[in-house]
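Below, in structure tokens: the form predicted alone, a single chain.
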Amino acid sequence: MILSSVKLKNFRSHKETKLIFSERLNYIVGGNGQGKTSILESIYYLCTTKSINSNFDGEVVRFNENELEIIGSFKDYSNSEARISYFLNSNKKIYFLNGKHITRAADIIGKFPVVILTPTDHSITQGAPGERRKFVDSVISQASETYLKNLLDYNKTLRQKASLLAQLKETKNKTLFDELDAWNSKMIASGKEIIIHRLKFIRKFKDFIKDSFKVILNDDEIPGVEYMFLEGLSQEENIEDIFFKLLHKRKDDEIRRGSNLVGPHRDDFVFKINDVDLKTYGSQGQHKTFQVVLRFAQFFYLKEITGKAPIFLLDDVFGELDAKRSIRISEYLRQVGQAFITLTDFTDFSFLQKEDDDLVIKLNNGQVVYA
């Protein structure tokens, strides 16, 4: 998958910007506030229909403007054009793919696989379990429409069951118990599939993590990952029966608290180095390296599963790494193909070797200069 060009209108600081990209490495260089990260964000928008940093689309509209537009030209087995328009006054977003109006984000997820590494990735290894679930779900969803559908169904069931639990907490109406049992049965059906998908994914993904770790650190450290589900299980057993028993056991607690306490929405993934829990005992350097490794592993996993090379976005990565790891990572990028890397100043990173088919894009006060 190659992104040939992007046009931005009223997106963040970009009033009217057109960018033509190399099929290899694209270094996007500029000082703070010049719109480097916004370019990566616009690419992510085209691939996922969502922002990296904002929950509300209106936040990315240029100040004093009422609408934005992003247009991207992709090249794979055939050429595709994706276009997003957003109107602030009506809070309406429209996505067109090759001129056809796409009404569901699920129809775009996986169409243009994307991997993004940003400084906020520290939350994956250092943050709450929800951040690790979000990472895993985003990877599998780009590779499997079935998983994405199960995830959407499960989350819908969670919301509906939560509403019922809130009613039970308030009213103690026993006529609602049959309805609660029905939602639990639906929750088990889709939740079991999510757990099975995650188990299969982790078994395969472990090898991609190990391969990427070896490239960056040789055999100095050995990474690992373990999936903990249904209150502590790590091996596949009779998932449906255990799920049912846990829901029965926690039924009174769920009603008393008015919330869902059992299911894959509470699972966690434990990252390890040399069999030691990374979150608890890892150094800052180990955390940062693991975050980088996860994104390279994601890239090569999606490439193998989907048959498409994802678009690889790296935002301000090298500033937090030592020279040795930075050199290894910059060399590893050569195996990726097309990538987009933001830098404040190219001269500060002498280890980055620009080849003839790479491109340096300099941003300065709204002007774009190619080098």
Partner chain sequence: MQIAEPLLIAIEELSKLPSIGKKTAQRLALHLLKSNTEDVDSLVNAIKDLKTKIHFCSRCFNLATEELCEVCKSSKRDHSLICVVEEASDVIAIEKTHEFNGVYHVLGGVLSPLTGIGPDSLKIKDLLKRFEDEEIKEILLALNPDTEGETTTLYLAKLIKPLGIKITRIARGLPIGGDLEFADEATIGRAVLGRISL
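Numbering follows the first chain given and starts at 1. We call the rigid core whatever largest set of C-alpha positions still superposes within 1.5 Å between the two forms. None of these values were measured; they are calculated from a predicted model.
The next section is about a form of this same protein that is not shown, the form predicted together with its partner chain.
For the options Ile124, Ile239, Leu164, Ile108, the residue carrying a heavy atom within 4.5 angstroms of its partner chain in the predicted complex is Leu164.
Among Ser283, Asn91, Thr175, Asn218, the residue placing a heavy atom within 4.5 Å of its partner chain in the predicted complex is Thr175. When its partner chain is considered in the predicted complex, Ser185 lines it closely, a heavy atom lying within 4.5 Å. Contact between Thr146 and its partner chain in the predicted complex is found at the 4.5 Å heavy atom cutoff.
Its partner chain in the predicted complex comes within 4.5 Å of no heavy atom belonging to Ser73. Proximity of Asn260 to its partner chain in the predicted complex: non-hydrogen atoms within 4.5 Å are absent; the residue sits far from the partner. Here the chain stands alone, but in the predicted complex its contact with its partner chain, taken as any heavy atom within 4.5 Å, falls in 151 to 159 among 203 to 211, 286 to 294, 76 to 84, 151 to 159.
Once both forms are overlaid on the rigid core, the distance between the two CA positions of Gln286 between the shown form and the other one is under 2 angstroms. The Cα position of Asp107 differs by 2 Å or more between the shown form and the other one after fitting on the rigid core. In this overlay on the rigid core, Leu88 has a C-alpha that sits less than 2 Å away from its partner position between the shown form and the other one.
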